[in-house]
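This text opens with one protein chain seen in two forms, each one given by itself as structure tokens under the names structure 1 and structure 2.
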Structure 1
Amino acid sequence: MRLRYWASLMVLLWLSCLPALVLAAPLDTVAKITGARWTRSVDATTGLIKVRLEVETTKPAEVESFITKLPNWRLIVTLKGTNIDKWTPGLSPDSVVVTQLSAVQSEQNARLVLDFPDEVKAGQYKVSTLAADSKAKRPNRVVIELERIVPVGNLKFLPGLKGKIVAIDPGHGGTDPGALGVRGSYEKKLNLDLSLLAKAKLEKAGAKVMMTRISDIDVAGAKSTDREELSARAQVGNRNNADVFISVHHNSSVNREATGTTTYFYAKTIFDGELARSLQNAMVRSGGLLDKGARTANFFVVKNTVMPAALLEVGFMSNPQEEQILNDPAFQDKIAQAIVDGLEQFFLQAAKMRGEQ
């Protein structure tokens, strides 16, 4: 009787331990991603942009990588026997080099996918591993190094807003209403209101502001073609030798939950990305909406202007809560101030890049 009691107790104990043993084994041997660090550098004389991503893991990971052309140019890096765990990849620090980083768990392996804007050749990327360094207090790392050359242009900037020529383009207008908000606001009006607020603040800071429109009109006339209309806007920057060109827009999506601030640019020169990032960071910092990053896009006015240019998408009018925020005068004032702060930051940064400061 006593023996049977002990025997059954042992069996019970053993059974209760079993799941724990089974679960503990793989968890213990699997490496986990704990975080990642991006670094970025620009050589303003050669236009070489370097981006380095260090993915930190709890154990050394065996790594495999390859480039694929479809569905678009991307680098796939597989960390064998590695769990993504709670880690989520952040925004790329330079969308000219990497447009998007995503991570998926594929059975035992963590797969990192880096999207490129276009073709990447063998010499433009390198994947390696670094062992944990207890002195430097750094964990095991997978290092992905990427580079791309962007035209430099013969542009030079001095810090400060005083004397700068800023072209501001309130998007749409006249016969073109732009996007329509769920609660009935017009993009063309939100764009103009914000642009006029930014104009006043920039002038106060000593800049000269050239506007593509200051009322509800088509810049090239109501009967103009799309090309004439968009060219007329770019020309306001080009003809006035503006230092920078800023197009002000508000976004819309069929998905009413879509939210956040985005700044678009076209990498004509190394300064376009710098301008977009400065404005994006300033808007997110003071406006507080979701940071969707500075992104490259084949947009007409930023592509067809000769100076660094950015197109702001402040927020989504298709999102009922966000539409309300976008219409709030206090919010508009913050974003107008963010445009001033972002430009101040850009000119400082651009001057540093060219050694003018």
Structure 2
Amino acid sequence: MRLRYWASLMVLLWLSCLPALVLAAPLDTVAKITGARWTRSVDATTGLIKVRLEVETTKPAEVESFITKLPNWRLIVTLKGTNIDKWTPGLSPDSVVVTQLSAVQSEQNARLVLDFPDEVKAGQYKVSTLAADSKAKRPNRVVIELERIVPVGNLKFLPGLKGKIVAIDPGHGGTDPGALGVRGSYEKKLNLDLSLLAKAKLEKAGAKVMMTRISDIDVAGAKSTDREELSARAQVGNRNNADVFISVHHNSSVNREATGTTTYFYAKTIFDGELARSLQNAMVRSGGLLDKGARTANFFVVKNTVMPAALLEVGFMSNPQEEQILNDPAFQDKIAQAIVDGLEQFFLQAAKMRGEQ
């Protein structure tokens, strides 16, 4: 009798737990968004910008997507049986293509909302899924690919600075101090001081100058990633259809004897190298530091700007003597004027290259 009583009690206890078990089971099958990764590329010749968003999930997700026109152009991507959980959408890498990404939890589905600045046609977006790849250590992914052609800058280039649009990027700033000189100088301040001097001289010569920053700030915000910050700087040139883009920096090395001026470029157009050489020659001629030449590099801001671009490394803050020179107002004025002279030379040479003179 006692044995039958205990057996019945155990069955009742098990049955009482069953609803909880039934309710808990679906939670194990729900996919969760664990992160996302943006990538961006630009073809400087055609103006084609491609943006790719990979949304990572713990399990495969069934996906539906559609475009809305009102209240504005949007791509709605629904991940069925997916939980947003603690994931927060990041900033768009290019507001020319996607102005904003937001995420909404709707019952058991996650909805990603991508806002566009204007009309999006069927061939300009694609939504797909990728299965987890254990060898590559990649999770399940929902892939959203977007593309848009933007007008490229005027690559005919008439001589002179009048009417030219020059984008100037004082490197670093805000939470990113850049290099620290042996005498205590901050690169972000030297970059900004020189850029503002160049801006004033260029505007006096008739150019229009677009600055990525005019004070000690993070261009994309203090909580942005390095890529978001660099992308925001490149966008200043791209959005404003600048003729050229110049990023101003000061160098540093573990070798305190390192010295000299260098200019970097990425050969995405026939003009990038010419721009770098014109600026390099003018800075060396005016500043008198060691000529370390114009060199190719894969720096983000010179690669991801549509127009010809150059990144200046004026001198070495890690060299005590050179750091003192870099802080000299007279030297800074010379280099600012060299940027003006270098651009004058570039536009003259570029016009000859295209037979415009």
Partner chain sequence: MMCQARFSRAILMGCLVLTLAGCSALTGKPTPESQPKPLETVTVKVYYGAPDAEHLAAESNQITKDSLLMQRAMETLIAGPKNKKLWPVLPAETKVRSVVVKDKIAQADFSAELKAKKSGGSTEEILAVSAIIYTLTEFPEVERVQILIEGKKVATLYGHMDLSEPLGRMAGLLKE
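Residues are numbered by position in structure 1's sequence, first residue being 1. Keep in mind it's a predicted model, so treat the numbers as computed, not measured. Under this definition, the rigid core comprises the largest set of C-alpha atoms superposing within 1.5 Å between the forms.
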Kindly point out the structure, among the two, that is the form predicted in complex with the partner chain.
1
Hey, does M211 budge by 2 Å or more at the Cα between structures 1 and 2 once the core is superposed?
no
Answer yes if the CA of D94 moves 2 Å or more between structures 1 and 2 after aligning the rigid core, and no otherwise.
yes
After a rigid core superposition, would you say the CA of T78 moves by 2 angstroms or more between structures 1 and 2, or not?
yes
If the core is used for the superposition, what shift in Å does the C-alpha of A103 show between structures 1 and 2?
59.4
